[in-house]
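So this first bit is one chain, no partners, the form predicted alone, shown in structure tokens.
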Amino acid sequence: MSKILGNPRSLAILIICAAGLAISILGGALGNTLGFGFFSSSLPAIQLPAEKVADGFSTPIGKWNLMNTMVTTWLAMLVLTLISIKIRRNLKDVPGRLQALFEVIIEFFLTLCEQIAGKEKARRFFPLVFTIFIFIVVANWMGILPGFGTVGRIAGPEEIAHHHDAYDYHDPALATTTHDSHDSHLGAVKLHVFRDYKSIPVAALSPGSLEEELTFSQYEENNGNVGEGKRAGHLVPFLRSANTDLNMSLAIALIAMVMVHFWGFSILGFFGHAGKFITFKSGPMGFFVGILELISELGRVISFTFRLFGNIFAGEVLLMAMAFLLPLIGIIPFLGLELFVGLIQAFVFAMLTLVFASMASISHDDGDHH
């Protein structure tokens, strides 16, 4: 300790860290209870389904709206496409940094596929396995970029009431009769107050806005008046991590399992692969075991889906909570944690796909299969 205090540089770093911690505590939601909270902003509304960014278009099979996770998915695809084009156009015998990085990653996965599935099947499984890995990594890591979850449009009270199934609600600013929400769960829902820039349809959670929160009941009691140039509602972010949408993780899981069984049928033949699930060779017991195998395949889809969705969604909620409690520095350690979790979840998803594909391509009659 004496060495640190005796070194001016170490002492300055210590003082800066201590000052940053103090400012973070006093400026966040914890400091707000003591009368400070100068950095504290409202905790974003958290919901499981993806939020609608804009109305979409009607099709013969229904209406398609533009969701924030859909926008992020397209951006992840665009990033991967641009990286691919850049590497392809600059291929060299002596690779640059970007080319060398991807060569190492691809060689690692190709070697892994050969070790698990064998050289014969490795190149058949590799494209899907690597695509799943690289897409999930990019989509997960994009979720920690600035602007994700903090910039978007404002969902007004009517839209919020609709989400809470209060279809008979009338905005007091637009109607003389109001719906009494004091005895319902809707009345306790908190609304955030935003600056209403009519010329710019974009909103953000501004620092120091925690004190401007109000409940739905208070909003109705004030007849929708929250101040000049202000508007109450919830922030609907334009960008949200793609894998926090259950539909996205389910789609990837379905693609993976459909391809697993496609490879099973193409390598073993129809009866060779189907015989793992429907067989009468071993009597009633063999038939029952086959049914259990079929149920386990459905379980794999569910496991795939909720493992990825649960970890990424929980990470996003954790980042929101830490930014709410300790702005500035509280979120920093967890950003590194989310980078690690995003990488691990992508690797686990890709490896399980590879293992299941390898298992599906081996016949139950194969002596090497256990």
Partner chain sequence: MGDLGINLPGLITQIISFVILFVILSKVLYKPLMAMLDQRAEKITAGLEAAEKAKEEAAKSEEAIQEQLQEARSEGQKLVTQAREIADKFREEEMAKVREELDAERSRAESNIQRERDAAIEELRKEFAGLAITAAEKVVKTSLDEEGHRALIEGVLNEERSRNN
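It should be emphasised that the depicted structure is a prediction, and the values quoted were computed from it without experimental measurement. Rigid core (definition): largest C-alpha set, two forms, superposition within 1.5 Å. Residue numbers count along the first chain shown, from 1.
As for the form predicted in complex with its partner chain, it is not shown, yet the points below apply to it.
Proximity to its partner chain in the predicted bound form holds for all of W64, E103 and I134, with the criterion being a heavy atom within 4.5 Å. The candidate stretches are 103-111, 282-290, 212-220, 189-197, and the one lying within 4.5 Å of its partner chain in the predicted bound form by heavy atoms is 103-111. Contact annotation: of the candidates N225, T81, S266, S296, the single residue with a non-hydrogen atom within 4.5 angstroms of its partner chain in the predicted bound form is T81.
Between the options M142, V236, I87, A204, the residue in contact with its partner chain in the predicted bound form by a heavy atom within 4.5 angstroms is I87. Contact between F130 and its partner chain in the predicted bound form is found at the 4.5 Å heavy atom cutoff. Within 4.5 Å of some heavy atom of its partner chain in the predicted bound form lies at least one heavy atom of K92. The closest heavy atom approach of L343 to its partner chain in the predicted bound form falls outside 4.5 Å. In the predicted bound form, its partner chain stays beyond 4.5 Å of every heavy atom belonging to S42. Applying a 4.5 Å heavy atom cutoff to its partner chain in the predicted bound form picks out L48, P49, T59, I61, G62, K63, W64, T69, M70 from 41-71, in order along the sequence.
Core-superposed comparison between the shown form and the other one: CA of S58 displaced by 2 Å or more.
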